[in-house]
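What follows is one chain in structure tokens, specifically the form predicted on its own.
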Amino acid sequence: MPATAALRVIDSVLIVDDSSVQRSLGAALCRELRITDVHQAEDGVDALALLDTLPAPPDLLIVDLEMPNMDGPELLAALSARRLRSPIIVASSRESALRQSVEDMGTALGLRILGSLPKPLTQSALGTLLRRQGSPEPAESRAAKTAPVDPQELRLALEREEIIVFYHPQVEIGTCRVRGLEALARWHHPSRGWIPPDAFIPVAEQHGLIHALTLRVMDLSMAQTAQWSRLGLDLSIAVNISPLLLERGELVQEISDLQRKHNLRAEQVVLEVTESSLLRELAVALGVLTRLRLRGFRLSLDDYGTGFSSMQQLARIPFTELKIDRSFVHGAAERESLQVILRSALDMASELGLETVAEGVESLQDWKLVRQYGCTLAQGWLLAKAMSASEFEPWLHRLRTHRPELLG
């Protein structure tokens, strides 16, 4: 793909750097990438003053970190206060760990951070980051823009069977074979279109609808898994369990009934729980999970590493799988600290006899790193986005064509 092919929507850029040499270099590279309208500022104060004079915000900002009067982090905070939506690239000659910390800060402030680059900038590195300009916004941002969900509408959606299931494949890293899929609830509203899960799942939990929603997702996904089994595809299906459901002793029988209804083996059903799921009624939750495990269902500790008691939960509960959160996977090849955490988690899981799933595998670098460290399964946009059941088989054929690249 040519470096300029994905850059048509970027017509203007603001380069903020106290070095005139670095500003000139950045401006020249942007023009080589066919960004014609280039503005320059020597520090944060100068940049904010310039933004006040422009008829519209630039399509991109390139921000240095070390500047007099107002440095890069201070400028990012000011841009957040202005609710700037333009993509931002952080540039600095400082170490990658520091640049990454500023990236994380900007993202936490609600800014759209494309990434960070070492100085001096190069055309290839800048062009690679600019291709992310067309990437979808994070789910949190989309949910924030979605109108609030009326609980009664969600109740009617369940009654009318508007809630469907999409599937996110999990690929065995050693063989590139699809081992299972994660079931994800999706809602297509008749007038509002697709409503993101982050907008309706909390409503379901707050208004007593999460039980019905989860059982519908289980029923649909188990039925689909059984259909794939009849076609010769031996797959597992993973379903997220809300913390509220772990307080229901009858959940064990309900899941067992659905498993038998669809003639699946218990080990084909993976129940994903987060450590926060176990902090409300610990004794009840432990009872539900141990009974499910006794019946042969597999248990996965989801989002490992994002809370404070993951290791404690691993010691308490008979998990069979560890899902490592994407924040420790995507981009880890470029961050030594993440590599240490990722490698430690995978080594520990291996010692405990647990299978491992790396979430957020979005680049070939991510894939190669988790493969090097001995992870069992990968899940992420490098392989596939969540898809409808009808899209799965065509995608499966496309995956086979990519096996040489992934296994090479």
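Computed from a predicted structure; not experimentally measured. Numbering starts at 1 and runs along the sequence shown. Heads up, when I say rigid core I mean the largest set of C-alphas that superpose within 1.5 Å between the two forms.
Missing here is the form predicted together with a small molecule; even so, the following discussion is about that form.
Interface membership of Ser242, defined by any non-hydrogen atom within 4.5 Å of the small molecule in the model of the complex, is confirmed. Proximity of Val217 to the small molecule in the model of the complex: non-hydrogen atoms within 4.5 Å are present. At the 4.5 Å threshold, heavy atoms of Asp64 stay clear of the small molecule in the model of the complex, well away from it.
When the small molecule is considered in the model of the complex, Asp43 lies well away from it, no heavy atom lying within 4.5 Å.
Comment: the small molecule is not present in this chain, but in the model of the complex one of Leu264, Leu129, Ile210, Leu235 has a heavy atom within 4.5 Å of it, namely Ile210. Checked against the small molecule in the model of the complex, the candidates Ala185, Ile317, Ile113, Ala223 yield a single residue with a heavy atom inside 4.5 Å, and that residue is Ala185. Here the chain stands by itself, but in the model of the complex one stretch of 69-77, 253-261, 224-232, 296-304, 296-304, has heavy atoms within 4.5 Å of the small molecule. The rigid-core alignment places the CA of Arg85 2 Å or more apart between this form and the one not shown.
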